[in-house]
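Here's a solo chain for you in structure tokens, the form predicted alone.
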Amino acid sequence: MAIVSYWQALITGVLSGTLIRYFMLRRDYRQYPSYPHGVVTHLSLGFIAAFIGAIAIPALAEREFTAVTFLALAATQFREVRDMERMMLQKLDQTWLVPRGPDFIEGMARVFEARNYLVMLTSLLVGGAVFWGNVFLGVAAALILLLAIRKLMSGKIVAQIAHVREGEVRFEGANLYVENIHFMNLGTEYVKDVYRQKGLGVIIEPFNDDERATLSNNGQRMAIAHNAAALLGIYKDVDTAEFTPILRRDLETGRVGLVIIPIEKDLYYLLEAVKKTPVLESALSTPLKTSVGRKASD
């Protein structure tokens, strides 16, 4: 009977962990993981992580603590996943006209590492529920864990930390502005005419000092520019650096301006693209949670 329970726990744990890793895969406009090879790679790693988590239940039940120690050692190898993803994404970033930036890449690499640990935890808990309970309890545990993981995966977006609205693109002589935020000096009439005809401006107004500090991070601003360019296209080639989307800060208020020349000149969807840009973990700043930050902002 014990052997049957071991096999039930093992099979249920591995299946639930692998399926949850599949549900966590998202291939969208970011084109990563690629299909089918990137998907196969991550599903294979998910299967291995699920097997490691599920096999721990029989090992613990048989008091095979040496085996548990070996499994823990094997699990630490998933730290190399972050390095692998980071190096690959950095190479891919060199081919984008508007790169993601190092902060965005580091966040993606952390996510792929963390998801393997979530798979191990899922298979461990589901396998335990089956071994010490029954298959129905294991299925219930898998569903609860799926909901919890979906919640963990939903981080903050720009719309939650700032008000995003249209900004007027204008020139003062050769100087390009979005409202009162200065961007750059453009000398040729052709480039200025392109901005006048096709350019769109966005103003991002942080809700408080925490959000102002987050938006001051250059990596966060690179992520916003990349997101907007990836979703709406970009009127730019490798030899037209003057058409690169740029974000600049108003040093007095902390507002951030974006100027971009999209292929699809649709203001509504540009605002949506900016609003739905994820807030990067490395950029997230909370000075108001400290006594010094609160007193300084008064």
Partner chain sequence: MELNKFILAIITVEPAKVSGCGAPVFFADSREEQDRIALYLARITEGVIHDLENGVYILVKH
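Residue numbers count along the first chain shown, from 1. This is a predicted model, so every value here is computed, not measured.
Keep in mind that the form predicted together with the partner chain is missing from the display, and what follows is about it.
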Contact stretch among 207 to 215, 76 to 84, 189 to 197, 89 to 97 - heavy atom within 4.5 Å of the partner chain in the model of the complex:
189 to 197
Taking the partner chain in the model of the complex as the reference, which of Glu252, Glu264, Glu62, Asp239 has a non-hydrogen atom within 4.5 Å?
Asp239
Does the partner chain come within 4.5 Å of any heavy atom of Ala174 in the model of the complex?
yes
Taking 4.5 angstroms as the cut-off for heavy atoms, does Asn185 touch the partner chain in the model of the complex?
yes
